[in-house]
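Form predicted alone, single chain, as structure tokens, below.
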Amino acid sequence: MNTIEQLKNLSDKVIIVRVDFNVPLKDGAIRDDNRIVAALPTIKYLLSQHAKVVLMSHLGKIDFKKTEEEVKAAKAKNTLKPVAVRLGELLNMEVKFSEATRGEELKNLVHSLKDGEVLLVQNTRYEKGETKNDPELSKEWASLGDGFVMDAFGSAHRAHASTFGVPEEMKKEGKPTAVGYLVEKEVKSLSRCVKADVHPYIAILGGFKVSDKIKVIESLLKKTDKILIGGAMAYTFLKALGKGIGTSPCELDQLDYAKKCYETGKIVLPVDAVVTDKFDEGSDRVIKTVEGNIPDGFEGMDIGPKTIELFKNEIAKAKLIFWNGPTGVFEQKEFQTGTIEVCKAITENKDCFSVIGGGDSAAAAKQFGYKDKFSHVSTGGGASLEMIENDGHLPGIDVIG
């Protein structure tokens, strides 16, 4: 894997960097700039080498099948302009911004860059050909640069024009390609979960649907010693074993698969749950802890105290932990305990290498003040899962070489 410091003689060279600036916006204001901050080491290194830095990123989704007005509204909502302003503040320098995503206007802006200057290009998804990895678009973007750096781990599982087509085209033209510091760190940390050469190795999986995680479950069953199942997906497993789950979510078409997984002997399921008769918060709802079967009219919202102890015992023995998915509806304070206790138990195990696979687990760890206590917190939920599913392979990283 080519790394950024292998790029030499960058003075007067245009380096295109695919970053992940897919930040949450509200009324045009950035609510969380973590993804911008995460890209700073790579950008600063290139600037220190006197490169001309051209940044590309997507932001949100734009559905070109919708009406012209709806597409226009989506573009207005998902503009990267506020990101250029925030990045300029963080770098303490002007960050130029291109409203054009291709054509002469963009080309002229790139050509006008001086050494040590930064240009952020408008949302790559303004181009219909981005998500389709359109070869003409890839060629046009690749022609703008003298080299390419992939530093958007959260998009590395997508073979889009800006993540795959551009580096592929640059390699054909003999131009250098490399991964940035963020992607390098992600690959090194997640590779430990892929290689699985340290044991006991446990995975903790939550989330809503079993069907969303079939491939990762199959991969982890081969690699891990135990998989602790929490969150809504646990109720599909419990139903498959003949347990009463009340009104808890369940995928009836996944019962056979869940039972087959359980029969491997590696699946650890909740033995009790915190349940309620109303999902929405309100003073009139009933909340209680039940063992075994969940009564009719009640829905499981978090793991119970006995399950917490069961999970903590497994976590304490582990030398390697991969966690993706909270154990309950942690957004509601009555159902945060399981997720908090899992965070706490993992970070108290000083002998293990712990990885959060992005997504809601990362959000929960941050919310409860545990984020900095994990060995690695991935910036890409989907990408981290696919990296484990595909034994360490992602299109946006494999193409770098």
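The first residue of the shown sequence is 1; numbering continues from there. Bear in mind that the values here come from a model prediction, so they are computed numbers and not experimental data.
The following text describes the form predicted together with a small molecule, which does not appear among the structures shown.
Participant: Considering the small molecule in the predicted complex, find the one stretch among 180-188, 67-75, 321-329, 156-164 with heavy atoms no farther than 4.5 Å from it.
Facilitator: Residues of 321-329 come within 4.5 Å of the partner.
Participant: Find out whether any non-hydrogen atom of D360 is located within 4.5 angstroms of the small molecule in the predicted complex, and reply yes or no.
Facilitator: Contact with the small molecule, yes.
Participant: Report whether the minimum heavy atom distance between G244 and the small molecule in the predicted complex is within 4.5 Å.
Facilitator: So G244 does not count as contacting the small molecule.
Participant: Should G88 be classed as touching the small molecule in the predicted complex when contacts are defined as heavy atoms within 4.5 Å?
Facilitator: Because no heavy atom of G88 falls inside 4.5 Å of the small molecule in the predicted complex, the answer is no.
Participant: Is there a heavy atom of R102 lying 4.5 Å or less from a heavy atom of the small molecule in the predicted complex?
Facilitator: Outside the cut-off, so no.
Participant: Decide if the three candidate residues G207, G231 and M301 all line the small molecule in the predicted complex, where lining means a heavy atom within 4.5 Å.
Facilitator: Yes.
Participant: Which listed residue (R125, K239, K213, K175) meets the criterion of a heavy atom within 4.5 Å of the small molecule in the predicted complex?
Facilitator: That would be K213.
Participant: Going by heavy atom distances of 4.5 angstroms or less, which of G116, P135, P305, P249 would be at the interface with the small molecule in the predicted complex?
Facilitator: Of the candidates G116, P135, P305, P249, P249 is the one lying within 4.5 Å of the small molecule in the predicted complex.
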